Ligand SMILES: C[S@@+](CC[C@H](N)C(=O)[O-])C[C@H]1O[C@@H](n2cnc3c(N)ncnc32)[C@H](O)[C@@H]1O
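Have a look below at one chain only, the form predicted alone, in structure tokens format.
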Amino acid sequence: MEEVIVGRVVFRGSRIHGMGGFARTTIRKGTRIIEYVGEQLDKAEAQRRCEAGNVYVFEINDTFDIDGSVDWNPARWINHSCDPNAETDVVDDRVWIIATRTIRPGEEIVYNYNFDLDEYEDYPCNCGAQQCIGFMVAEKHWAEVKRRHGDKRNGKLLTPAAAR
């Protein structure tokens, strides 16, 4: 796929996974980078799609979720990292990707997808960060993942004893 430019972001090939979003200009901490958009779903339909393998469903409130797998949502290409420079925030039922630190031109924009432990082994992480846990899970689950699998650093899975 060719490059796609949306505001401050250019979407192109990424070493992490497929496409990625890269800063075109300096993006200051706290800046709303891009909105994660998609089809609004009730919880039952969202659950059905998740069970069918859709990883682009994003919770927005107690009643509805967004399915971001639509072509008109380039934010779906922003990759996961265990060393994120952005995060998501839901404001008035809109999902924003927001810089958590200054992001320099050319730097890939990444956030932690914060997946639960359910089926986490189906979602290996390829971010390459020094503290990469090896799976796309929320940081609050890292200790449990390390207990189960050891510690992954620099792309190598260490045994629990070696990780200490």
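Computed from a predicted model, the values in this text were never measured in an experiment. Position 1 is the first residue in the sequence shown; the rest follow in order.
There is another form of the same protein, the form predicted together with this ligand; it is not shown, and what comes next is about it.
- Among heavy atoms of residue 86, none comes within 4.5 Å of this ligand in the model of the complex.
- Although the partner is absent here, residue 55 sits close enough that one of its heavy atoms falls within 4.5 Å of this ligand in the model of the complex.
- Contact between residue 137 and this ligand in the model of the complex is not found at the 4.5 Å heavy atom cutoff.
- Residue contact with this ligand in the model of the complex: residue 123 places a heavy atom within 4.5 Å of it.
- Interface residue among 66, 109, 127, 27 relative to this ligand in the model of the complex, by the heavy atom within 4.5 Å criterion: 127.
- Contacts with this ligand in the model of the complex, taken as any heavy atom within 4.5 Å, map within 67-84 to 76, 77, 78, 79, 80.
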